[in-house]
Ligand SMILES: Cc1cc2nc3c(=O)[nH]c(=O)nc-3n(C[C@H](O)[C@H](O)[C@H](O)COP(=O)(O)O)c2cc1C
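Coming up is one lone chain in structure tokens, specifically the form predicted on its own.
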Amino acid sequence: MNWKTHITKITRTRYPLIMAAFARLGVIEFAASFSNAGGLGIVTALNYELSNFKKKLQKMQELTDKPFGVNLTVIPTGIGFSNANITNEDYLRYLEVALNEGVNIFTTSAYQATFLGERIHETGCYWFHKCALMRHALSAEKVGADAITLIGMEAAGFKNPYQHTTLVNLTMAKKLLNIPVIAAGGIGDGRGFLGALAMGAEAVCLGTAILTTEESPLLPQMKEDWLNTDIFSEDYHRKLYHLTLGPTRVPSSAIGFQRKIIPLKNLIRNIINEAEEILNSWGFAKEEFNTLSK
């Protein structure tokens, strides 16, 4: 089946799947595997020194001939990350390196990134911004973002106490936003992928779901520990839904769909196959899933 959405039209990917940006883990080898599997691999720029970033992007282009993007995580002041002292000028330097290497899709996250979006648009490229709250999504749309990755409270990573669920985010975003929405948060199988598209998403962003694959740089023991996570335990629930502004120390609820360490291409193929089987069971007989007419 062919998958055509507003996001695949922009990204030119086979599937409406986008790799999350990972601190330390969003490296070129992992991103290339995601792109080669049919999604949009994302290289997290701040995982590399600026002086070495150009060589890494050139290596990425050797590892895949498929589309990929670059993430620039704008770190808010007062957050205790090791590279929290990076300046706007530094972000723009990373951006220029990527632009010079032919990258045309950029994702931003964590904080306001209008200064990056303006430069991205000056060069005719695309800007996707990741938000936890609807009001931030509306603000990003207003300043020109081409798409929004909207994160439900089922997600891991850095959390906001006022996040809504993925279901509420997507159905409300379809009413409130005029630009494409990328779903994130707790999605780890074909039913969740298809459900997100039915609720209005134009693509799904995969984070936790891909971190236990063979290509993931996550430590092997941590992969095994994550695969044994009981997402229905009270302890897990308290840790995931801590309702504070801060990091989460457990994987997202998407881990509940993973059973063993498998190649990334197999995971993505399984998601797509399951989605197509569900569509067929509903009597959907077309050879193309197309949201472009919506």
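In case it trips you up, residue 1 is the first one in the sequence shown, and so on. Since we're looking at a predicted model, the values are computed, not measured.
Another form exists, predicted together with this ligand; not displayed. Remarks below refer to it.
Looking at Glu202, you'd find every heavy atom of it more than 4.5 angstroms from this ligand in the model of the complex. In the model of the complex, this ligand sits within 4.5 Å of a heavy atom belonging to Leu25. Within this chain, Ala20 lines the site of this ligand in the model of the complex, having a heavy atom no more than 4.5 Å away. Interface membership of Glu154, defined by any non-hydrogen atom within 4.5 Å of this ligand in the model of the complex, is confirmed. Picking from 194-202, 115-123, 207-215, 90-98 the stretch near this ligand in the model of the complex, with a 4.5 Å limit on heavy atoms, gives 207-215.
Within 4.5 angstroms of this ligand in the model of the complex, the stretch 119-149 places a non-hydrogen atom from Lys130 alone.
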